[in-house]
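Presented as structure tokens, the chain that follows is alone, the form predicted on its own.
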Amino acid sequence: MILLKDGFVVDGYGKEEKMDVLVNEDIIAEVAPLINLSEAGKVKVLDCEGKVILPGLIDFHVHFRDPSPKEVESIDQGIERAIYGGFTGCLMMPNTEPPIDTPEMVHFVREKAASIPGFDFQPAAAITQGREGERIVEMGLLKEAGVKVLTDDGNYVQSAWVMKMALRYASAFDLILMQHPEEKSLSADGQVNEGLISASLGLRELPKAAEEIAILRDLTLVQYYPARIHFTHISTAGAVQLLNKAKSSGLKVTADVTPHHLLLTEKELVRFDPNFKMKPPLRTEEDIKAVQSGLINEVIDLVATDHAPHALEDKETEFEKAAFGVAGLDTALSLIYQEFVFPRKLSWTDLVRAMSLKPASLLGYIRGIKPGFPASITIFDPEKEWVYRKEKSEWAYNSPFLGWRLKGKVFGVIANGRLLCWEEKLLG
């Protein structure tokens, strides 16, 4: 048994107060102002004075480069990094080499993730075979293999007919379709947001319209072929408006936003630093305000990192040749706390909704600090100040937040009753 003493508990359902939490095997056994146990010798007591005890975080969008011909970040390294960032589960994207588009590939990556027991690892499978946008996958077999989300992430399903068929089958098997909204005939070889910055830097444009037209098409299809659809890494004010209208009309739609799209604008690009190159690209101040408002008002359902590690040679090169994507697992919780919870734009319960309860519900997991719930818990030190630097040679640090001074840091993680991190250190 594990006893968390004197922590500030955010149960996820509105209660926020100082409590003790008792973990018995993989279940939360008791939550109370004071827990005293007679069999103290059998209990591992962990002092949480000054710490915040949260339902275990889940990242709904990560990339682990495994399998891949490049040795960038394996599944077990990615999971360890997720734990270090406070996550107790994640949804891995299928754009590996080869892609995850068959039950055999699903089983393959699950077996690799099994080296770290307790962590709730969920692989997404592709919507179309080979992520090529032409023929949909065998959804029934993938459902039997335990898949809950399908996505060609990185590739928007361009064909409306293919997407129509995908929606019909996904509805039959109760699967979520996640779309990376980008109309390729508009985005083409775009590098950065279309506007004054792209013009002044001489970089090819990736317009907002590419995102918004893609969302509008799929929202139109869902009206005729109802299924659960999720739009990932929302970045424009127009996209937020479309989502708000769709939700108001009762469509089964959810969406996520990344920390970098919540906090950074295209003005960062004047450095020509490839760590600020991602898809969708950084947008304008108006867009940031809109997506922040969307998160606060629950038009955008959750925060996901879109963690995308890259080898040095793929990032430390000319901007136009550099790979899209940034690493995000290490900093997400600290950034959302510092920029939203600490200044009281969001409550702790709001943070838990966006980073734990909502992604958990989409993946079929249970989260919350309540008796009888799975013992997946994130312990956070809100007073710890630290600078984000390169610390581990085996991790990729292609992050726009390198050098940032951050307030608040993950202190410990319990995943399904297993203590995986304590005092900011990963346990073996």
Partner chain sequence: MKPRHLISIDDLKKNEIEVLLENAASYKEISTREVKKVPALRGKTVALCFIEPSTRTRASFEIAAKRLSADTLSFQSKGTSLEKGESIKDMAKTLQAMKIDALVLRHSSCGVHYQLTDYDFSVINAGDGMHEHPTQALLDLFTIKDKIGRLENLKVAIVGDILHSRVARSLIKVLKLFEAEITLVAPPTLLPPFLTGLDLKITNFLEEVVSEVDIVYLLRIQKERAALSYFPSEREYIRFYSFQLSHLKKLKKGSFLMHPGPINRGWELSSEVADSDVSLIEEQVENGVAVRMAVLSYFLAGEGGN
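Residue numbers count along the first chain shown, from 1. This structure is a prediction, so every number in the text was calculated from the model and none was measured.
There is also a form predicted together with the partner chain; it is not shown, and the following applies to it.
Only one of 228-236, 194-202, 247-255, 99-107 has heavy atoms within 4.5 Å of the partner chain in the model of the complex; I'd like to know which. It is 99-107 that comes within 4.5 Å of the partner.
Heavy atom distance at most 4.5 Å to the partner chain in the model of the complex, all of Arg135, Glu138 and Tyr224: Yes: Arg135, Glu138 and Tyr224 each sit within 4.5 Å of the partner chain in the model of the complex.
Can Glu285 be called a contact residue for the partner chain in the model of the complex at 4.5 Å between heavy atoms? No - in the model of the complex, heavy atoms of Glu285 and the partner chain never come within 4.5 Å of each other.
Are any of the heavy atoms in Glu144 no more than 4.5 Å from a heavy atom of the partner chain in the model of the complex? Answer yes; at least one heavy atom of Glu144 falls within 4.5 Å of the partner chain in the model of the complex.
Whether Arg168 contacts the partner chain in the model of the complex should be assessed with a 4.5 Å heavy atom distance threshold; does it? It does: once the partner chain is placed as it appears in the model of the complex, Arg168 has a heavy atom within 4.5 Å of it.
When the contact criterion is heavy atoms within 4.5 Å, does Phe173 count as touching the partner chain in the model of the complex? Output for Phe173 is yes: heavy atoms within 4.5 Å of the partner chain.
Select from the listed residues Gln241, Gln129, Gln77, Gln292 the one whose heavy atoms reach within 4.5 Å of the partner chain in the model of the complex. It is Gln129.
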